[in-house]
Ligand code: HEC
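The chain below stands alone and is given as structure tokens, in the form predicted on its own.
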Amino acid sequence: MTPQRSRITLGAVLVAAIVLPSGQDMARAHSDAQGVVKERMEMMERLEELLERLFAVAHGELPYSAELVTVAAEEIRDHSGESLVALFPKGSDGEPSEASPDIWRHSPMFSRYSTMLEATADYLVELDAEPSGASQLPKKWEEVEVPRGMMPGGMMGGMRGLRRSAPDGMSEFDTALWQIAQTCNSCHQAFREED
């Protein structure tokens, strides 16, 4: 096999690994959920899986591939913004949903978090930067800190807002992942019911 063909094959395998959910992930689906609640629970699990894989790339636990990062970031972007908000119609709370009624009481704030996620994922799609090799990110995306009293809007001012929330000296690649994780964690803190 030629070196170019082996790189193409490796790239295809890596993209398949990030795009196709594993059987174990599908088994974790919430069996009691139905309709839009089930759809959004499965979508949230998928977004979490993509973010875990991007963090693994940042830490060198998965080999870097521009195609892999782009495909993951595009999927996060495409399931954010209005697409995400549409999965939370009024009246879709209650068991087994983990959505807090605050989503509907404070829907503009929820929409802004969703827009922030979409904008940051889009930035990662367009970013032409590789992981630095010495990531300042925590190992798990759930460990990215949520600043006290964080309100959505950091990304609304462009990359200046993005950089304000990330630690100093962080690479552009890590900064984008930091902001995606911070947006998810902030939204979960505000709008997910405690287990």
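Don't overthink the numbering: it's just position in the shown sequence, from 1. Since this is a predicted model, take the numbers as computed values, not measurements.
FYI, the form predicted in complex with heme C (HEC) isn't displayed, but the following is about it.
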| query | finding |
| --- | --- |
| The single option of Glu130, Glu45, Glu145, Glu67 touching heme C (HEC) in the predicted complex, heavy atom within 4.5 Å | Glu45 |
| Interface membership of Cys184, heme C (HEC) in the predicted complex, 4.5 Å heavy atom rule | yes |
| Proximity of Arg40 to heme C (HEC) in the predicted complex, heavy atoms at 4.5 Å | yes |
| Contact label in the predicted complex: Asp122 to heme C (HEC), heavy atom within 4.5 Å | no |
| Non-hydrogen atom contact Glu98 with heme C (HEC) in the predicted complex at 4.5 angstroms | yes |
| Heavy atom of each of Leu51, Ser114 and Ile180 within 4.5 Å of heme C (HEC) in the predicted complex | yes |
| Interface stretch in the predicted complex with heme C (HEC) - options 166 to 174, 32 to 40, 122 to 130, 59 to 67, non-hydrogen atom within 4.5 Å | 32 to 40 |
